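Alright, here's a single protein chain in two forms, structure 1 and structure 2, each given by itself as structure tokens.
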Structure 1
Amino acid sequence: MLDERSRQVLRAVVQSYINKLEPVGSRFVTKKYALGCSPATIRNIMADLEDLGFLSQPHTSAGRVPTDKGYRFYVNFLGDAGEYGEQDAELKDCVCRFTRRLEGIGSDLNGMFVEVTNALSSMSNYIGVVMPPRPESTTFNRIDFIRYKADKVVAVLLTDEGVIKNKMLSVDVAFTQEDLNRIAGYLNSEYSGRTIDEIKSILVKKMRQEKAAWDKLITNAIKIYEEATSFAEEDFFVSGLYDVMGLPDFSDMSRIREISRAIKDKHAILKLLEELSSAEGVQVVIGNENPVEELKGQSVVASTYKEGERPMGVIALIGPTRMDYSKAIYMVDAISKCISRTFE
């Protein structure tokens, strides 16, 4: 536990380092912040904070810089004090104008998510990421099957949320187009309005029952539906790799290569976003807290967007640990809420 004066000094050092990317000295803190302490007192407090692991000193004669633990204290303080909403008027106006534009293109999911990643990266200079809704979590609207060849069928799936998926299926029965229309008609009449995950659970139960008791149409419908809704892992939308390259934090190109590898190997980032998707509110993962090896030197600010109470996907910013957390949290929170309103 830190006393109030130590907390004030730590907040001052973290905020100063975020603003200017230079080790922060006691004299600077004394001049910049009215803490009512002499430089010697501030220096002693900073030394104590270093001993406690909140700050580090790059060189003996240099000032201090925050550690991951120091950034974590700072982020927790922002949340406790509700300060991330206290942004300058220009940013608030920019976010407000963007969310109004976003609500006008809500029917085009891909277009909306491209807009979101571009806006996140351009307003923050960090990497904007959106994980779209998993098809399995969306609400089934209808499915159509088109006979392509004797052993090939094209399935076109439409959800209430506007997710459209098509897939080429291999079938071991020579369906006519009339057969396929009957199968699609059965599925559409029986299961429209349920989530795809719910439908799969229902079909599994039906498959466990005595197959002889089922009509041939239903048996074929279950089999073809299972294959039609088995999707590969989804991609995510990403923008802003060139934006972060302009930050002084990334003057070392090896850090850019690490982020590039993480984006290319999408499974690691998808796994992280999937873990964050079940959490409420804005989540912040800082430096070594990150389970993705290539992102351990970065921070992630993420929030889930929903349809009602049902989580649909995640938006996030990826940037240096010296991230402007207050600004990033405000942007991610406001835009995720706008996407949720669009889904509703």
Structure 2
Amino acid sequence: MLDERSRQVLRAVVQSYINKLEPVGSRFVTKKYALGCSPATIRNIMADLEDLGFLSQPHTSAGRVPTDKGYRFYVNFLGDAGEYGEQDAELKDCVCRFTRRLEGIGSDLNGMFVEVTNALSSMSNYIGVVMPPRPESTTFNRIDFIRYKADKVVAVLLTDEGVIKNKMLSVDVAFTQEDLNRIAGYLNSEYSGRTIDEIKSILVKKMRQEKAAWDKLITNAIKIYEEATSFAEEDFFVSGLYDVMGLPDFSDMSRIREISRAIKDKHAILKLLEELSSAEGVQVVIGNENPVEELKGQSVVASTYKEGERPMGVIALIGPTRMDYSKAIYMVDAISKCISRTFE
């Protein structure tokens, strides 16, 4: 589709633009990359690339800037194979140290996710996002009820993956702690090992059938499951808004405002990540390809983490379209694998 030299020029433009953030001219390319031809030749090639839609000029007689299509081509064909592994020693070292740190944390999932978002954002200067395991891919380990004052019960839900969720419930009947233990025991023996969603539907059915004495608590149990279900839609982990404000891309404020609105809404981002979660490997969404209105103009690099073969959740980096894709892809890939490993 593109001859070798055109590719080299395209790669040169993209890389230069990623670093300098200024339109790159023909002279600059010849100087920095020894392609063995003169500025004029480069100009011709660049004009061709522009016709093909890979580059564009902010105005006549400025340098060229990659279009989304240009980045896409770069990501697909140019930074390919092996090159994503070639990162500076410093970054590799960072990731490595982080990996070791993560192993130390063990199975406190929430704590781990906080660490992961922080690591993602501080290493990359982009926004780090982690979507925790979706309830349908999470299996119930056990539930416990703790009596708290006369009319309150605290429910603590554990999943096999290490998610802990607690919720205070108000109850009408005054249960003793023994009552609660019995009920918890029943639920645990009956349902341990199933997915949260399964249990929810079973319990809903049961509730319709029996109107036993502890109906009330089952109702409450269902409330918890609903909490746990809504978990993924409420809490996902974000960090790096501050880091990203340091980038020259966002000196303008309006972008930041858009992004932070998107994050505040959460809904849109979650939908996006969910879409990406079905695919294998590292996903890259560039600029306008992004279905979320507020994030057109940003790029997203995402990857799922798994328990064995089952995909659990997604981690992602959000940054400007001119983000350092090779670095971002490397990081997201490395860290998602690292999370997967902790599940073993």
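Rigid core (definition): largest C-alpha set, two forms, superposition within 1.5 Å. All residue numbers here follow the sequence of structure 1, with the first residue given the number 1. Since this is a predicted model, take the numbers as computed values, not measurements.
- Structures 1 and 2, same chain in two forms; the form predicted alone is found in structure 1.
- Core-superposed comparison between the two structures: the C-alpha position of A155 differs by no less than 2 Å.
- Once the cores line up, the CA of K266 ends up less than 2 angstroms apart between the two structures.
- Residue displacement note: N125 has its CA displaced by under 2 Å between the two structures (rigid core superposed).
- On the core-superposed pair, the CA position of D172 changes by 10.3 Å between the two structures.
- Core-based superposition between the two structures puts the Cα shift at I183 at 5.0 Å.
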